[in-house]
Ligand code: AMP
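Just the one chain here, the form predicted on its own, laid out as structure tokens.
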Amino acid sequence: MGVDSDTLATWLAAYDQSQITIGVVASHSSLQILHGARLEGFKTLGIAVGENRRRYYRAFPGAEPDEWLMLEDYREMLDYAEWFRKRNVVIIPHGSLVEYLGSSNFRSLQVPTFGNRGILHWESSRERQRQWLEAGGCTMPKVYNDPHDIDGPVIVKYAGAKGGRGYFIARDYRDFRRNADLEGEFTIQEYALGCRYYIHFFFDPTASDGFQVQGRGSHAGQNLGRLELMSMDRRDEANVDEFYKLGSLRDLREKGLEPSFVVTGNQPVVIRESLLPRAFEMAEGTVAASFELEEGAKGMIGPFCLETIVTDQLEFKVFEISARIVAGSNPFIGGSPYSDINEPFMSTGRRIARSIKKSIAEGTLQDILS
């Protein structure tokens, strides 16, 4: 279930597009989204549960929302759809919104939303992600369908935007069985050795200049839009980043200790310039494949992140995609070494607002919303 193009057109026909309000759940990457919207001249709306969350934003007047919607539960957003539309609100999705609402509720939210909500169906399943990324030409770590086949280090991941919570490493079936939550949806993935780079891109389907994505399949011969590299990060994860200091994994497990992968922060990073062409090749293939995922697919819109490992052979392995803004772009509210080349102080949050502003001026707003 989702929002069809005719319904979206009806909503936007009733909007005063000179008075668009950018709405965002006050979490995840909302500071840069709100700050970027303000820089581009938009009114802003913060959505929150709990007065403490609202109070915290007073510490950041450059990103404090012009208006708040305070809820008892984020799922109440579904009941406020008409309220949002009467205020010309465009919702900017991020990982916390999807996690709080649930993927099904998010797809059915009756409010114009930046990006393509249909992509979430593919992002929310690791098996569908694999189909998509491999169709785009990305190399991925091996997946084990039967835990009895584990013959080396693997990482077990659960579905959804959980910030690494619950992930664990296993070396064999015994390790897996001791830690696995068999009630949850999980993937058993080869633990690839190398350096992790989370590469933040932005795809603008309304732009005809810059690095143009070449279409494939039913879109062969077409320029689909402009692909931009915004920034890169690495993740701080507790407690696996410090675990090695305490001894071997086997010894620590005998003492009842397990490494965990809960993301607690993000570090800015750049990669060797000679690796950038391959990074763009993977991103271009991923975007092109997004238009072929199903008949009439709208394709990628806006920010996305390829989550990669670079091996000591300088080869990329892509282990995941996030088809929306990621929190790893937060170190770059003032711009990054990559985005500054094109325009200083361009965060991913501001780039979203710039895309909306440009589409309003050109009459193409429906092309970047869903």
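Nothing here was measured: the structure is a model prediction, and the numbers come from that model. One rule holds for the numbers: they count along the sequence shown, beginning at 1.
The same protein has a further form, the form predicted in complex with this ligand, not shown here; the description that follows concerns it.
Contact with this ligand, judged by heavy atoms within 4.5 Å in the predicted complex, is confined among 57-65, 330-338, 28-36, 302-310 to 302-310.
Just one of Gln189, Ser124, Ser96, Asn116 comes within 4.5 Å of this ligand in the predicted complex, counting any heavy atom, and that one is Gln189. Comment: this ligand is not present in this chain, but in the predicted complex one of Arg216, Arg107, Lys157, Arg87 has a heavy atom within 4.5 Å of it, namely Lys157. Taking non-hydrogen atoms only, Pro141 approaches this ligand to within 4.5 angstroms in the predicted complex. When contacts are judged by a 4.5 Å heavy atom cut-off, Arg235 counts as touching this ligand in the predicted complex. At the 4.5 Å threshold, heavy atoms of Phe319 reach this ligand in the predicted complex. At the 4.5 Å threshold, heavy atoms of Phe168 stay clear of this ligand in the predicted complex, well away from it.
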